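Given as structure tokens, the chain that follows is alone and in the form predicted on its own.
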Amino acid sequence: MLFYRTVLERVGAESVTLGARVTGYVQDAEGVRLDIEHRDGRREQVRHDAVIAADGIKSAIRRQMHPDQAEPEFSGITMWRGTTLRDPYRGGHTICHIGNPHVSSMIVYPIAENFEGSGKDLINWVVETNGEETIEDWNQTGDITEVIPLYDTVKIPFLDVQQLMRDAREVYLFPLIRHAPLDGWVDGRVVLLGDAAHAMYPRGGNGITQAMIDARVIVEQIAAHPDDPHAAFTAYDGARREVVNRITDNMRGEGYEVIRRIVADRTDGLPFDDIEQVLPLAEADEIFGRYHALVGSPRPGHDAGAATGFRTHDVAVAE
């Protein structure tokens, strides 16, 4: 909504069409014709000089551009997501990573304080476990009783995770889906951006973060090639695609969450008294340093790109 309001302020309401989706495109040397389907069933065709396709994980533009890479694969992992209203824990600024990743893992973090004037925090939580394949749909509701037993032995003094799940305002589930990294984001005057270009596992906030970097780079390249959208899009592809494809591949593995498996392996999943004896801070810090280098976000003492060889980023939207 912040993006939406900002667009209205800067370019005007007439620049935004709601309740419409792109189903395909045809282009020539002068521009691109988009096939549009409206929510009420009405269809129309519109023409623009160029198209930036940000139409998400089920992108019709991506499917047309890469029909041989259009079908995703189920990873074998299902995520259960919910939000719960409760009193703040540990001052309201703590993220918890819980569970043995060999069985199931959970992340818990606050997303809004004093939610709607209630005096309580709105807490987001996500449980990841092996599951049966379902459709790729963010709006599937789930029965939390299926995963609560996985956390029956979890005892945290400041947070009852079982009750947290039971008290959820809503629970949704969706499968982790693998979308193949693409060998090109550009087709003439049409280019992919965000999830349409590089759908990745929802870990570390990389989906929205990388889409925002996409947007910055593509605007810079359009400004550098104002009369040649294909040249601008090609330069953007060259600056971003290889880097983001590597992030996508990395997120398919453990990523920075490898620290949980290390702790589980070194303790056999049993309680311990001193984390420094299990996973010293220096070792954990190095793991996070490599992760930040991977995604192009340097930390003190770490040069972005140096640890992995990745380059840093110095360089009409269909939704």
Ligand SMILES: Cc1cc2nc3c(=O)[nH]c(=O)nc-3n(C[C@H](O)[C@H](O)[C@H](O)COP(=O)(O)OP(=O)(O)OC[C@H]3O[C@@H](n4cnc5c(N)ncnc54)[C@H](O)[C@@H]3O)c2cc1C
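Bear in mind the structure is a predicted one, so any value in this text is a computation, not a measurement. Numbers for residues come from their place in the sequence shown, where the first is 1.
There is another form of the same protein, the form predicted together with the named molecule; it is not shown, and what comes next is about it.
- None of 41 to 49, 261 to 269, 54 to 62, 278 to 286 except one has non-hydrogen atoms within 4.5 angstroms of the named molecule in the predicted bound form; the exception is 54 to 62.
- Using a 4.5 angstroms heavy atom cutoff to the named molecule in the predicted bound form, all of 195, 202 and 209 count as contacting.
- The named molecule is not drawn, but in the predicted bound form it has a heavy atom within 4.5 Å of residue 79.
- Residue 109 belongs to the set of residues with a heavy atom inside 4.5 Å of the named molecule in the predicted bound form.
- For the chain shown alone, residue 174 is a contact residue for the named molecule in the predicted bound form, at least one non-hydrogen atom being within 4.5 angstroms.
- Residues from 19 to 50 that approach the named molecule in the predicted bound form with a non-hydrogen atom closer than or equal to 4.5 Å are 20, 21, 22, in the order they occur in the chain.
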